[in-house]
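Starting off, we have a lone chain in the form predicted on its own, written out as C-alpha cells.
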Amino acid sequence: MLSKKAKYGLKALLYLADQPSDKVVLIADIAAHERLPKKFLDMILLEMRNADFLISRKGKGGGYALALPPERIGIGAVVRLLDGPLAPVSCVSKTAYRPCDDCTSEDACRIRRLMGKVRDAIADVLDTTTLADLSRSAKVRDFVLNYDI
C-alpha cells in the first residue's frame, strides 16, 4: 500500500511540475494548495532534495523546485525512495530480500510466485511512468471533464 509519505511526496512533485521551470515555491504554498501537513512535508521534501529530485534555495525568494525535468523523474524511483521496496513480501524483494521464517522451500512456494508477479506488475507500472506522464494525465482529465461554456 502506498504510504501517506509517498502520496504527499508525489502530490508535492506534481504541484512543482505544474509551475514554471524557473519558479521556486515555498513549502507553505505547496502544503496549503495540496492540503498537506507542513511539518511532514518539510521532512519529505528534504529527503527528496537529498536524493537530487529537488533543489532548494534559502532566504527571501527561496523555496523548492524540481532538480530535473519531469520527464526524467520516474515514479518508481520516488516511491522506492519514500516507501522502500515495492515487493509485497520480503522474499521477492530485489533490493531488500529476506527469506520467510515459515517457508520450507522458496522454489515450491505458490504464494511467493504470486507475490513475485505482483511485484513485477507494480514495478512495471511505476518504472514506466514519469512525473511528466502523471502531470499530463491530470491535465488531460481536467480538460475532458471541464464542460464550461
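From 1 onward, residues are counted along the sequence shown. All values derive from a computational prediction rather than experimental measurement.
Below, we refer to the form predicted in complex with the DNA, which is not included among the displayed structures.
Chemist: Can you pick the one in Pro69, Pro99, Gly62, Pro88 that has a heavy atom within 4.5 Å of the DNA in the predicted complex?
Modeler: Of the candidates Pro69, Pro99, Gly62, Pro88, Gly62 is the one lying within 4.5 Å of the DNA in the predicted complex.
Chemist: Could you spot which one of Lys94, His33, Arg57, Arg113 gets a heavy atom to within 4.5 Å of the DNA in the predicted complex?
Modeler: Answer to the contact question: Arg57.
Chemist: Within 4.5 Å of the DNA in the predicted complex, do Tyr8, Ile27 and Leu46 each have at least one heavy atom?
Modeler: Checked in the predicted complex: all three residues contact the DNA.
Chemist: Do Asp42 and the DNA come within 4.5 Å of each other in the predicted complex, heavy atoms counted?
Modeler: Contact with the DNA, yes.
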